[in-house]
Structure formats: C-alpha cells, structure tokens
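Here we start with a single chain on its own, the form predicted on its own, put down as structure tokens.
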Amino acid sequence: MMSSETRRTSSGIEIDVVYGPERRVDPARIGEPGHYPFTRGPYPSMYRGRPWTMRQYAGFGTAADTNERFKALLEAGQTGLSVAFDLPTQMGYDSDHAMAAGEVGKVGVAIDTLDDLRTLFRDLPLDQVSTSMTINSTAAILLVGYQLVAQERGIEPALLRGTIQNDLLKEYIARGTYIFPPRPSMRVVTDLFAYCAEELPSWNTISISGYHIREAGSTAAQELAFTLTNGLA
C-alpha cells in the first residue's frame, strides 16, 4: 500500500516516503536499463552484473611520487586510477612559469611534458584499468599524452578506458580554471568528443560536474539547474 505520509526534500519539494506501481511513470518514457533514454542506468544489469570501478583520487608532488601511490592503490585492490593535477597544470602553466610560483605539486601532480606522463604511468597496466583525469581546460593535451604513452608501450587506443572531466562551463560558474572564452572553450570540448569517437571509442569524453557549483555556494536547486543546463549546452 502507498504510505499517506509525505516528506520534503532540502529544497522543499514534497515527496512520498514510498512509491509503488500505481505511481509508475509511462514505460515508454522511462525505458529499460541499458537502453535509451538511460533513465534507469547505462547497463542492462547495472552493478549486479559488473562491480563499481573503485578509485581513490590521488596526485601530489612529482610524477614519480604519484606513480608510487598508484601502484600501492592497485596492490590494495583498487580497480581504476583517478588523477589529481596541480593548479598550474590545470591552467596550462609550466612549473617554472612565474604564475606557478608556490602552487607546483600543491594540490595534485605537476605535469609539464610527455616525459612526466611516462613517469606518472610507468609500469601501470593501462590496458587493464580505467583512468579518470580531473582536468578541464588542458584536457585535450593530457588525454593525447596519455594515449601516446600507451601507444609507446604497444597498447592500442581502442583498449584505453577512462573519463576526462572536460567540463568548461562548470569552470566559469564555480572554479575559474578556464583559459579561453566560453565559445572557443566549448569548441575544444566538442572537438574532443569527435576525436575520441574516432580514436578512443571506449573513453568517456565528459563528466558534467555539479558538486563544484554547490561547494561554491549554490543551493541544491541551483546546483541541479546549472548542471542540467551545462549538459544540455
């Protein structure tokens, strides 16, 4: 039976405690799991059929230090990598640039060259793990560098799995680590979609981010509104 009790969300929206079959949405609108419009998840059996990818967000100091951390995490049972980059890397500055003073390696790993990426992913099974890279303005550069490091080791691009954040609109709203104006930034975002469709078919090309907006001071309703609007854009 449907409970007559009601509750309100933190945004003041009234909801029932339990929803039964009599409140079911039109099946044509909600769809089936693993099928368009994906309202019930991207996989047919969801996480009953495959486990969550376990990642700990990590990245500090040098590429060598972070590489050792990644190895320790994988040995502990982690099934993916999640890379935190320092602020100069996020903003496109080399570590020896005057604007990078005091920020190198401070809140993530410093990456300046392809050789840094070789060190970062040394001896890691890039064809067996998925890699999340929390990077936006310089996402295309870091992703292609990741691809090149893998190819140097004989790993086909089609085998590379992971996610690039690549959400520039969120940077304008909340974080500020943008480089180009909005329209060119969006062009870079969508060019990366096109590139991955051809070269890295198993790669997730964007992660629309809402929590940054909430942490920057929005309400829950504003967070949802901005996040959905960014996704539509």
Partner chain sequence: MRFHTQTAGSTLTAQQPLNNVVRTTVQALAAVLGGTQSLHTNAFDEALGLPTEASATVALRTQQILANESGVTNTVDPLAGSFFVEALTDALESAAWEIISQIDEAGGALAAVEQGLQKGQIERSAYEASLRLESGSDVVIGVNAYVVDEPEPLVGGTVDPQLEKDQVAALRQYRSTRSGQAVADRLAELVSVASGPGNVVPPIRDAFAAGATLGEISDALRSVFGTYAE
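Numbering follows the first chain given and starts at 1. Just so we're clear, the structure is a prediction, and the values are computed from it rather than from any experiment.
Omitted here: the form predicted together with its partner chain. The next part is about that form.
Peer 1: State yes or no: in the predicted bound form, is some non-hydrogen atom of Arg40 no more than 4.5 angstroms from a non-hydrogen atom of its partner chain?
Peer 2: It does: once its partner chain is placed as it appears in the predicted bound form, Arg40 has a heavy atom within 4.5 Å of it.
Peer 1: Mark His35 yes when one of its heavy atoms lies within 4.5 Å of a heavy atom of its partner chain in the predicted bound form, and no otherwise.
Peer 2: Looking in the predicted bound form, residue contacts with its partner chain do not include His35, since no heavy atom lies within 4.5 Å.
Peer 1: Would you please decide whether Tyr178 lies within 4.5 angstroms of its partner chain in the predicted bound form, comparing each non-hydrogen atom pair?
Peer 2: Tyr178 belongs to the contact set for its partner chain.
Peer 1: Decide whether Ala194 counts as a contact residue for its partner chain in the predicted bound form under a heavy atom distance cut-off of 4.5 Å.
Peer 2: Ala194: yes, in contact with its partner chain in the predicted bound form.
Peer 1: Go through 193 to 227 residue by residue and record those having a heavy atom within 4.5 Å of its partner chain in the predicted bound form; state none if no residue qualifies.
Peer 2: In sequence order, Ala194, Tyr195, Glu199, Tyr211, Ile213, Glu215, Ala216, Gly217, Ser218, Thr219, Ala220, Ala221, Gln222, Leu224, Ala225, Phe226 come within 4.5 Å of the partner.
Peer 1: Closer or farther: how do the Cα atoms of Gly12 and Ala174 compare in the predicted bound form relative to this form, given a change of at least 3 Å?
Peer 2: It is closer: in the predicted bound form, the C-alpha atoms of Gly12 and Ala174 lie at least 3 Å nearer than they do here.
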